[in-house]
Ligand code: ADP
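One chain comes next, on its own, written as structure tokens: the form predicted alone.
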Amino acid sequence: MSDDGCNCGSSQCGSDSCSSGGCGGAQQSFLENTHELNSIKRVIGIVSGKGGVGKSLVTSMLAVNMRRKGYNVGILDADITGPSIPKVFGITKKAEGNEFGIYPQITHNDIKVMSVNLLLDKDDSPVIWRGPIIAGTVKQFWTDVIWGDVDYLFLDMPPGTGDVPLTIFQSIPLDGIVIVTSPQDLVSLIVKKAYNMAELMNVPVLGIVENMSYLKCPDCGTEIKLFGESKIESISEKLGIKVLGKLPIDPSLAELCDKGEIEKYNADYLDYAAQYIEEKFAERSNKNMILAVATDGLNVSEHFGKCETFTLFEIVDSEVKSKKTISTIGNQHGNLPPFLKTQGVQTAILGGIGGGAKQGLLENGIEYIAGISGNIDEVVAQYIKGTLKPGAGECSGHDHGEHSCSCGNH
């Protein structure tokens, strides 16, 4: 956050007018294009507010589950200073490349993996790099690696909410994140940090996975809560997100990871998480729906709170059946979410939006994609194809202090 109180989430922000596009001025995208030979349909980040909670384990298990469902899957190991993905999959060969780019290594069950350990001479060599170099390496894994055709690319994110995670949020078009945590007392604060960062960057939170939830006694089957009673249900209820799974402390699973044989695990710990992710994106791309676009003439309006018209698109079988423009006069600001609900809207495409309006949309059962600009017909076409990504770095709330924010959410 800059000294003038801007909360746009941009590492470039520092001026009173937030020229990076977060609050005032034209919105600026920092998203990087992936390699021209890639076709990556969904990108999902696995995050946590602190290290040591099992992000890599959850990333690996979700990738294995989705591969078993028949999807083409990749893992981008963005935890540069603590890479462990190659180890749990038993990958020992190094990555190779040519004049076209770098090729990931392939696991026994055809999961594509890229990690800094696949580039180092020795796996145990420390990565003593400064933040900008680490962030640049992660971006290269997105821009220079030839992933090919991938249905789900999972990112094992670095822990915390610092510079490197921020760069990833800004430069790689995430479709959603899964938060990983543990049952310890600090869990509420840790989860909220990760959740709030995703909110600032307009990335949907798909749900929470709790690791080290319990230990099952091998003799009597009693679940022993080594870290105390779980608080994950109450936290997820407060934040309005789903609990996607609880992982026990399972010695057999740890043994498989140590042997590099995680693809052999047969427990159902994350079956629900994989099913939920699959259905979430299938529903988003295939359902018949009413899609609302905040409209300023032929373009997406910059300001949700002051938008005077919305264009409603009726989508049937992934095609636009009809569209009409409606006036919002008398229903602006806080009245907009319930007004859109009365119009049967399930999803809204927006430019800038404040935190209160975001909450209002969610409370009315309306998903939103924010930070969007451009011609409304072109934007809707991107949405139907599944290529429309939320913009990064717009205004996230109403508490702007004295700086010259022009987000329109006041």
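In this text, residue numbers run from 1 along the sequence as written. This one's a predicted model, so the numbers in the text were calculated from it and none came from an experiment.
The same protein also has a form predicted together with the ligand, omitted here; what follows describes it.
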* Structure fact -> Only one of 301-309, 242-250, 216-224, 317-325 sits within 4.5 Å of the ligand in the predicted bound form by heavy atom distance, namely 242-250
* Is there a non-hydrogen atom of Ser56 within 4.5 angstroms of a non-hydrogen atom of the ligand in the predicted bound form? -> yes
* Does any heavy atom of Gly52 come within 4.5 Å of a heavy atom of the ligand in the predicted bound form? -> yes
* Asked: Would Thr167 show up as a contact with the ligand in the predicted bound form if we use heavy atoms at 4.5 Å?
  -> no
* Thr161: touches the ligand in the predicted bound form, heavy atom cutoff 4.5 angstroms -> no
* Non-hydrogen atom within 4.5 angstroms of the ligand in the predicted bound form for each of Asn202, Ser236 and Leu362 -> no
* The unique member of Asn196, Thr137, Ser84, Asn109 whose heavy atoms fall within 4.5 Å of the ligand in the predicted bound form -> Ser84
* Which of these residues, Ile80, Ala274, Val145, Met212, gets a heavy atom within 4.5 Å of the ligand in the predicted bound form? -> Met212
